[in-house]
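First, one chain by itself in structure tokens, the form predicted on its own.
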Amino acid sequence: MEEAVMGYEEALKKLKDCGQEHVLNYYEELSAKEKEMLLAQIAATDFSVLSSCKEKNEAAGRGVIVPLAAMQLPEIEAKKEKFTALGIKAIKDGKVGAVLLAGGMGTRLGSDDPKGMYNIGITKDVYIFQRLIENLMDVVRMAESWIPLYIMTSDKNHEATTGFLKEHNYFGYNSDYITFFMQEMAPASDYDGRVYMEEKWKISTSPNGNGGWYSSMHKWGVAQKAMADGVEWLNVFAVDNVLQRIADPCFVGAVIDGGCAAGAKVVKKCTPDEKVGVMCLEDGRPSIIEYYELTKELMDAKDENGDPAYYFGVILNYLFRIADLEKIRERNLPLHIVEKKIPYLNEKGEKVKPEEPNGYKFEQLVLDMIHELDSCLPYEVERNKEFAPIKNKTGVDSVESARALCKENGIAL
């Protein structure tokens, strides 16, 4: 057996220092392999996030919010040739990579598999991963150049994801250009900041939020490899939108042309209270206000054309300049504390599946990365052509609505 990353005494000291000694309560009952796994997890876990439980009610307020004008469809159309040529050149020069955030499971869709493995086909198999790769392949063909694709998994779905994509021959993508890395995990705790145990040999953890993707990429050495390969821009996107364009040359060109540190694809909201975050300036820097933070005053505000001033919702498709990500990497992004139902072992070592929220998970969000940057271009895309998120089984933003939009766009399911 390989030596554990950390010895028992060292692990105990680390736990004592942060008041989490109970993590070793069952240590003597464990097999050699389980002991090794638990010690390795203790070594890898950052328990400092738990102290933020105590500061939960002292969250900082928002700064001064003013509108940030988006580049809208007519302007994009008018400059399409110029932007696209710029974007194609950057892709051909190997400067653009794509990062797929695929750490989640299909639980809300009634599936125990990674979300990307969900099959939305009706007459044939069409998987979410397949749709995303086919969208990226459109650009590969257009630029006549492969685009490095970095896929972020989590400890809950890494094996299943890598196995599934290999089994399906990466849906035609050149595997030499695919690199996997795993999302860092954050411990989950009760309301007092005491970590829950998921098993006698495993601390309960959850992915550290969509803002943790770059630090995770760095931890795995994947960001360093990208930079060594000459990649300067990363298009990061969520797994659940089956219509999004990835490494879209026109979008890449518009951000480069504008001299911006980042770009965000946005769509016009269908209702003022739609559950999407909107782009704005906060204290003079680009920012995103979540839908639940929009006051009535902000919802009712109008721009010079009489349109809503906070009209454009983000779709979790961003382009970041790596040089700027490197500058902000050492800064600690704010932690968002989310109340959740967390399965755990009780005092008797029995598994409990709570009916009500019973503790906190800790996340970093992409919107905080945006706010660290000096500039961000909100870039409008056509909602019906690029926004088909799958969050639910039926109803709004569901498998049903995504299927209808795929059909509308001539995609055979």
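Don't overthink the numbering: it's just position in the shown sequence, from 1. Quick caveat, the model's predicted, so the values are computed rather than measured.
Quick note: we don't show the form predicted together with a small molecule, though the next part is all about it.
Between the small molecule and the residues Met279, Ile128, Met152, Leu165, the one pair within 4.5 Å by heavy atoms in the model of the complex involves Met152. Residue Gln183 is the only one of Gln183, Ser189, Thr161, Asn235 with a heavy atom lying within 4.5 Å of the small molecule in the model of the complex. Contact check for Lys327: no non-hydrogen atom falls within 4.5 Å of the small molecule in the model of the complex. Under a 4.5 angstroms non-hydrogen atom cutoff, the small molecule in the model of the complex has Lys391 among its neighbouring residues. Although the partner is absent here, Lys115 lies within 4.5 Å of the small molecule in the model of the complex, judged by heavy atoms.
Remark: Val239 counts among the residues lining the small molecule in the model of the complex, judged by a heavy atom distance of 4.5 Å or less.
Checking 200-208, 173-181, 73-81, 141-149 against the small molecule in the model of the complex, the stretch whose residues place heavy atoms within 4.5 Å of it is 200-208.
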